[in-house]
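Presented below, as structure tokens, is a lone chain in the form predicted on its own.
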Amino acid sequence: MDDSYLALLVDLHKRQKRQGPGGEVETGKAMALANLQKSGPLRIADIGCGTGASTLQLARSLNAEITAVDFLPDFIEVLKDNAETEGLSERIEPLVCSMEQLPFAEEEYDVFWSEGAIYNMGFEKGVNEWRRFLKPGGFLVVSEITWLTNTRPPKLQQYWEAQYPEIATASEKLKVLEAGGYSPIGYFVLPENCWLVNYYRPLQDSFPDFVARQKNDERATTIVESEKKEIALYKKHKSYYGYGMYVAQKFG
């Protein structure tokens, strides 16, 4: 992907509250499963934070210092503006950085949080490499694309295996966590409103303005058509795949 094409994708997505499926209720449910409470001070790393929907909710809900990491400077700038507007800047340290080259000390964090982003480096690699940054007994909270059934249409399977070879069922993901030195605490599937209402609907509403800003650039039109196909695919096959939210605790 060349820089100009990436810039178009960033321009489309940086104006969205979310850069992937999710919801405040679901983020709150994950916090409850990890037993994160406002009473005690926490150090949290939010990896692949985007424009900060989850980061800001964590900052509002907990007594925490949050390092918000994304490799796209445009997303981080939006997060900074939103944090300032909400009076949360003192609790959030934005960091432009690759999730594969985190400059953290070992056992520095109480919580590693990542919604809809770990696929960028792969689930197994992510949970294994991030473990060293967690304190003993620290929590990992990630959402990850997951098969919801043991069988699915062959064309759908071929599509997703080409897009993300690590797509698997929840039982397989939990085995990866256990093999990586975690005790699984909880798992749940994001409901379809996290996709259709919270993510896809605002994205669809933004398509006309995006194409107009880009003066009907052919690549912008191609991006919109690709997004529309992704939305149609989910609507047709949402019973077969979704995002699973995984909550696990580091042991040892």
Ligand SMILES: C[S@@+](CC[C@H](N)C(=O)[O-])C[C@H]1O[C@@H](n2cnc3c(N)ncnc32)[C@H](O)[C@@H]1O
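Values in this document were obtained by computation on a predicted structure and should not be read as measured data. Residue positions are given as counts along the sequence shown, with the first one as 1.
Not on display, but discussed next: the form predicted in complex with the ligand.
Participant: Is it true that Tyr109, Val127 and Tyr246 each have at least one non-hydrogen atom within 4.5 Å of the ligand in the predicted bound form?
Facilitator: Contact check failed for every one of Tyr109, Val127 and Tyr246.
Participant: Heavy atom to heavy atom, is Gly242 within 4.5 Å of the ligand in the predicted bound form?
Facilitator: It does not: once the ligand is placed as it appears in the predicted bound form, Gly242 has no heavy atom within 4.5 Å of it.
Participant: Is Asp70 near the ligand? Define near as a heavy atom within 4.5 Å, in the predicted bound form.
Facilitator: Flag for Asp70 set to yes.
Participant: Taking the ligand as it sits in the predicted bound form, is Val142 near enough to touch it, meaning that at least one heavy atom pair lies within 4.5 angstroms?
Facilitator: Result no; Val142 lies far from the ligand in the predicted bound form.
Participant: Should Gly138 be classed as touching the ligand in the predicted bound form when contacts are defined as heavy atoms within 4.5 Å?
Facilitator: No, no contact at 4.5 Å.
Participant: Can you say which of 156-164, 79-87, 110-118, 171-179 gets within 4.5 Å of the ligand in the predicted bound form, counting heavy atoms only?
Facilitator: That would be stretch 110-118.
Participant: For the stretch 78-94, which residues lie within 4.5 Å of the ligand in the predicted bound form by non-hydrogen atom distance?
Facilitator: Heavy-atom contacts within 4.5 Å come from no residue here.
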